[in-house]
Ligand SMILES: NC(=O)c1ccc[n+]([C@@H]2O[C@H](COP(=O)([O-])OP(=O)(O)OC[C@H]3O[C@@H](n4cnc5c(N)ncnc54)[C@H](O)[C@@H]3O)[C@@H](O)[C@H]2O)c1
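Single chain ahead, written as structure tokens, the form predicted on its own.
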């Protein structure tokens, strides 16, 4: 087997939650290009339908499904459908998350000041960003146990490793904005969850790893891009396809001796 063979996903099935998102679309594209049957899962069919035309070159390998990552019944229905249609579930990418951003797709970023941060926003963040991966992994791993293998990839963030420098949000839009508290807390929690699950399935072929992206450019406010880029050793934000290689590595047999780890792809943001 060559190293190229190890990156192949031929004959495998993958589930990507948040699959219609900025990175989710790229993850679906990459897994499909590598040969997998990919279930693009998101919370509304309208959102999924907007994403599908952008993936037309690999559309034959992508199957859209609606999922509510905080509803166990919804998740189980999706897992049951996947197993019924393909007979297996090899990869889960837990990409669904609440993440207020400074870009055209999120024009109404709130103040998010800690002193007055609403309890319901905090609770919603914990539900989607932590409980969601817990529930999806819990449902998916039952099939992985039956088939004797599987790879779970949890999406972390640089803000799960270091505190947000709120100064990069100064001058963006009409008011000072902040990265909200729930985001850092939940992404730090993702690392703990990843290590717990990897250790729980010790001595099996079920692997659990985290992928930590840096900021990904999406036609952001010019001042924000400048502020953010000044913190990265590479001097820029990431392109939207620059996390896909790392994700495929974690999903495939190329990373067969890797579990409980965190792969950081942040342009050097956390290195200084």
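Positions refer to the first chain, counted from 1. Since the structure is predicted, the reported quantities are computational estimates derived from the model, not experimental observations.
Keep in mind that the form predicted together with the ligand is missing from the display, and what follows is about it.
- Contact annotation: residue 82 falls outside 4.5 Å of the ligand in the predicted bound form, judged by heavy atom distances.
- Although the partner is absent here, residue 128 sits close enough that one of its heavy atoms falls within 4.5 Å of the ligand in the predicted bound form.
- Contact annotation for residue 61: none of its heavy atoms lies within 4.5 Å of the ligand in the predicted bound form.
- The ligand is not drawn, but in the predicted bound form it has no heavy atom within 4.5 Å of residue 244.
- Exactly one listed residue, out of 34, 52, 216, 225, brings a non-hydrogen atom to within 4.5 Å of the ligand in the predicted bound form: 216.
- Proximity to the ligand in the predicted bound form, taken as heavy atoms within 4.5 Å, picks out 89 to 97 from the listed stretches 194 to 202, 112 to 120, 137 to 145, 89 to 97.
- The three residues 181, 236 and 269 each lack any heavy atom within 4.5 Å of the ligand in the predicted bound form.
- Residues 18, 20, 21, 22, 23, 24 are the ones in 9 to 30 with at least one heavy atom within 4.5 Å of the ligand in the predicted bound form, listed in sequence order.
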